[in-house]
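Below, in structure tokens: the form predicted on its own, a single chain.
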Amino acid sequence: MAAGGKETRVMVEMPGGLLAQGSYWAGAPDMPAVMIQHGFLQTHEFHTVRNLALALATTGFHVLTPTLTLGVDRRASSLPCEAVHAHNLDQTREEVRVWTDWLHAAAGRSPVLIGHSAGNMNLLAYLEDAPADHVAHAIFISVTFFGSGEVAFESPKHAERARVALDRGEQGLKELALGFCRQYTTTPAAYLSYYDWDRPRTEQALRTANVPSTLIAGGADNRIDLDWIETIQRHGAEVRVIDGANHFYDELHEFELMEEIEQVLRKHVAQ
């Protein structure tokens, strides 16, 4: 395993036999381990994830950035909306578990999990059943939800079509909409595994996560309902808002995001 901030490509077998790939930087012996989860249909090469990983690795953290297979062996590129989507959130949750275990073994410590955008749903689903001492902290960046979010194409009508199909025993593909995808072809059960992570479901998971957690939101993020973030804050969660930042923390806000995450890591994670 490479050390000293050098990137190593890793391949891990997932439940069901598919191979998933990611990047790992071995950090300094006394530094925390961090796993960064990409957003919906993206890969670990997505610029927000990649830039954050490089910055943390340069600082000396152990850093892992995995790519979820989404049903594709050795997936290395983002999935287009128009593809057939056979994956579901239960499968992605299991892949998060495998990668978390891998990082725990590689770094020799409980990792910090960082999610971006809809990638936070995978982390929250995993954390519901994860051992309390298996994750040191969770940082949720630009938290969104399904079920007709602020900027999303799905609607209750899409969910109703999926539920009616299930009631009729229809397991075939349906053309629906989800997230930023106007055309999203999937099975009814797989569709609802994502859609049902709506605002109340996500809010409940954030409140009851069995690890300490921090939310980071951009003040200019038009995909985030800031009233919802304030609701989470009233329930006791630590919330940090970066004024002027959008959903992806472009340009100068990228450095502010890095500073906030470093502060959280040094404040909450034992060295």
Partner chain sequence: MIARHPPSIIHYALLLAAITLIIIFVFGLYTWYKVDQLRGEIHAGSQAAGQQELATALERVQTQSIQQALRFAEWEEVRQQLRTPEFYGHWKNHRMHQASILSKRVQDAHIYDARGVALSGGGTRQLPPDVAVPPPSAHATQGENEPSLIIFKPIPAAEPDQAPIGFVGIQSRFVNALREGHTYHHVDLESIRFDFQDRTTIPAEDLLSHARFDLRANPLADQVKDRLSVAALNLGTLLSATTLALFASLAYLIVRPLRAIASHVDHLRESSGEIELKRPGGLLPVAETEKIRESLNSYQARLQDVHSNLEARNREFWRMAHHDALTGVHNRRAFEEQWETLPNLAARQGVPVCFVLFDINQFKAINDSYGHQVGDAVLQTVARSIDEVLRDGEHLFRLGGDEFATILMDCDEAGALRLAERCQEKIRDTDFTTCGVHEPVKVSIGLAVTHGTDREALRSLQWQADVAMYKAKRPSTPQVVLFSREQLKDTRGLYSNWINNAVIEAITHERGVQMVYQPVVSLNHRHTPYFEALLRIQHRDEIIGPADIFPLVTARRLELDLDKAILHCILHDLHAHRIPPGAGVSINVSGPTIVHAQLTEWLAPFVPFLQDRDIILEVTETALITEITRATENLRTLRQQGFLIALDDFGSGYSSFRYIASMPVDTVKFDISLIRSLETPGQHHIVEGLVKILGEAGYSTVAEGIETPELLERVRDLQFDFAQGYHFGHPTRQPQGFPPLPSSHRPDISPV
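Everything numeric here is computed off the predicted structure, so don't read it as measured data. Positions refer to the first chain, counted from 1.
One more form of this protein should be noted, the form predicted together with its partner chain, which is absent from this view; the next part is about it.
Among residues of the shown chain, residue 185 is one whose heavy atoms approach its partner chain to within 4.5 Å in the predicted complex. Contact annotation for residue 165: none of its heavy atoms lies within 4.5 Å of its partner chain in the predicted complex. A residue is said to contact a partner when one of its heavy atoms sits within 4.5 Å of a partner heavy atom; residue 172 meets this definition for its partner chain in the predicted complex.
With a 4.5 Å cutoff on heavy atoms, residue 157 does not count as touching its partner chain in the predicted complex; it lies far away. For the options 97, 75, 199, 161, the residue carrying a heavy atom within 4.5 angstroms of its partner chain in the predicted complex is 75. With the partner omitted here, the stretch from 125-133, 112-120, 185-193, 97-105 that lies within 4.5 Å of its partner chain by heavy atoms in the predicted complex is 185-193.
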